[in-house]
Ligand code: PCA
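For reference, the chain that follows is the form predicted on its own, supplied as structure tokens.
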Amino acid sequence: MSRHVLLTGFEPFGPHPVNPSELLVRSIEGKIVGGRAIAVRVFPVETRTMRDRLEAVLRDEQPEFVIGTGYAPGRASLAVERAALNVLDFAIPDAVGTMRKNDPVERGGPDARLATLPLDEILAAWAGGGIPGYVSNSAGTYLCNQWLYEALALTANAAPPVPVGFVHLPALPAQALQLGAETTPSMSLELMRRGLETAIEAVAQWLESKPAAPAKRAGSQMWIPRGLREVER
């Protein structure tokens, strides 16, 4: 089984010239955390290419587990998402000007998909490390929600299983100053990095406590299902 983790972030979008998720994952790229090597990808904020990009990176990397990150100004701390909804309803266009209003992520797909990371273990690890964080019940209806829904769909029947989840990030202190410090919570990049590394360690420990999965045949690859209902574009 692969002994590495895939972390993803997003490029800047809309009125935000900096995306903390890109800075965060780049700061951990190539490190060893929880006994796992860290691979990183940063995605453009483009709805129509999201699924294809995700499918390609999952096939290339074949990670043991995947954690996506994204920027959510106004969040008070780290927020690990419980579910992704099968809806896209943008307040602003994506990076290439596409607007989606009340569109499904996957036509005919389930109304929601639940994250497959161990949320309780992550939350307990954050609390034990003095890192502010909580379980969020809404990933929104923008690209972060789409990322989580698509990633869960693509790994739904992966063998061996590939746990997937998503963490929303608050503003950096400099961003909070620009957005209005009196109303915008913030967190330092160093504390975000501690939080993400702690989450990786918690997932690694959870996986190691589970019964070993059957060994894959030599030359076999993680199976990513194809032929799911066409994503509405």
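Please read these numbers as outputs of a predicted model, since none were measured by experiment. One rule holds for the numbers: they count along the sequence shown, beginning at 1.
This next part talks about the form predicted in complex with pyroglutamic acid (PCA), which is not shown.
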Of these, L143, L154, V162, A115, which has a heavy atom no more than 4.5 Å from pyroglutamic acid (PCA) in the predicted complex? L143
Proximity to pyroglutamic acid (PCA) in the predicted complex, single hit among A171, A39, I200, V45 (heavy atom within 4.5 Å): V45
Taking 4.5 angstroms as the cut-off for heavy atoms, does Y71 touch pyroglutamic acid (PCA) in the predicted complex? yes
Residue stretch of 176 to 184, 200 to 208, 63 to 71, 23 to 31 approaching pyroglutamic acid (PCA) in the predicted complex, non-hydrogen atom distance within 4.5 Å: 63 to 71
Taking pyroglutamic acid (PCA) in the predicted complex and a 4.5 Å non-hydrogen atom cutoff, the residues of 102 to 123 making contact are none
